[in-house]
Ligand code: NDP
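Read the single chain below, which is given as C-alpha cells and is the form predicted alone.
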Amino acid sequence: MSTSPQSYKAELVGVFGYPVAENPTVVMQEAGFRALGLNWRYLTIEVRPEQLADAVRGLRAMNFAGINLTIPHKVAVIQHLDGLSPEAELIGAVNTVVREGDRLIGHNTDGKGFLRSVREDAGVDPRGKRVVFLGAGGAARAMSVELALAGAAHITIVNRTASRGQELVALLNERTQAMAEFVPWQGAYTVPAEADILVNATPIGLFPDVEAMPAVDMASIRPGLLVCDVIPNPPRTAFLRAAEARGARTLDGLGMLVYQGAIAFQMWTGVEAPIDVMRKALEEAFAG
C-alpha cells in the first residue's frame, strides 16, 4: 500500500535586526500562516551590523523565501541584493526582501502600509493634503514618499538634524510632484493651522518609554487635524492621547504594522494575507 509523500520542510522567512528581541512581526506572520494552514516559519534573528553580509549569504544558502529588515539594516542591506523595486530605489531603504529564483529583490512596504492605514482606517485620501512629518529617518522617508506619490500637495519635514531633513526634502522635490520644505526642530514645534495631517515618525513614545512625547506645542493641535503615530506598541501612545484631548482625530501605528506585514506576506507566499487574524494577534500580544 503506497501513500502520498509527506514533506516536513517548512518555508523560511524572518527578520534581521539589532536589537530585535522586541520586534513583534513574528506574532502576526505566524498567526497568518496558521490561519491558512501554510507550513511556513518566521524567525526573529539578531544580526549585528558587521554580520549582515554573512547573514544574507546564509539566507541564500538556506533558501529562505525572503526576509524583513529592521534597524539598522534597511539601507546597508541594499549592497547585498540583486535588485530593487522602483519604490525601494526611490526611498533608498529596504524592509522586505523577496527571493525570485536565485535573485534577492528588495522592496519597501512601510510607506504602502501607512498609506493603506490612512485611507482605510482613518478614511482620509491624502490627495491634495498638507502633511507634516516629525522626523526624517527611514520611517519618515518611506511614508513621505508614498504620500507624495499618492498626491499629497505639500509635505513639511521637521527634524533636528538639518542635513538629513534637507536631504529628504530634496528627494521629494526632485522625484515627486509634491512641494516639500524643511523646518528645523527647535524647542516645541508649532503645527501650522493649514496642516491636514501630522505624523510622528520618530520612536519617541515606544515601549518601554511609553510616557515620552515628541516636542510639539499641543495648543497648536486643533479639531479636524489627523494626528498619526508610527509606534505600534503601545498603539495608543501618550502623544495620541494628548492629541485626542485637543479634539484631533488620531491614527495609531498598529494598522501600518499590520498592512505592511500583509503586503510582505502576500509577496512571499503568493496568498492574500488574513489581515483580521494578524491584527487580532498583535492586539492580544500588546494587551498582554
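In case it trips you up, residue 1 is the first one in the sequence shown, and so on. For clarity, every value in this text was computed on a predicted model and none was experimentally measured.
Keep in mind the form predicted together with the named molecule is missing from the figure; the text below concerns it.
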| Since the chain is shown here on its own, which stretch among 83-91, 190-198, 157-165, 172-180 would lie within 4.5 Å of the named molecule in the predicted bound form, judged by heavy atoms? | 157-165
| query | Even though the named molecule is not shown here, does G138 get within 4.5 Å of it in the predicted bound form, heavy atoms only? | reply | yes
| said: Against the named molecule in the predicted bound form, would P232 count as a contact residue? Criterion: heavy atoms within 4.5 Å. | reply: yes
| request: Using a 4.5 Å heavy atom cut-off, state whether P72 contacts the named molecule in the predicted bound form. | output: no
| task | Find out whether any non-hydrogen atom of I67 is located within 4.5 angstroms of the named molecule in the predicted bound form, and reply yes or no. | result | no
| request: Only one of L149, A122, A153, L206 comes within 4.5 Å of the named molecule in the predicted bound form by heavy atoms, so just point that one out. | output: L206
| Non-hydrogen atom within 4.5 angstroms of the named molecule in the predicted bound form for each of W185, G253 and M256 | yes
| In sequence order, which positions of 95-125 have a non-hydrogen atom within 4.5 Å of the named molecule in the predicted bound form? | D110
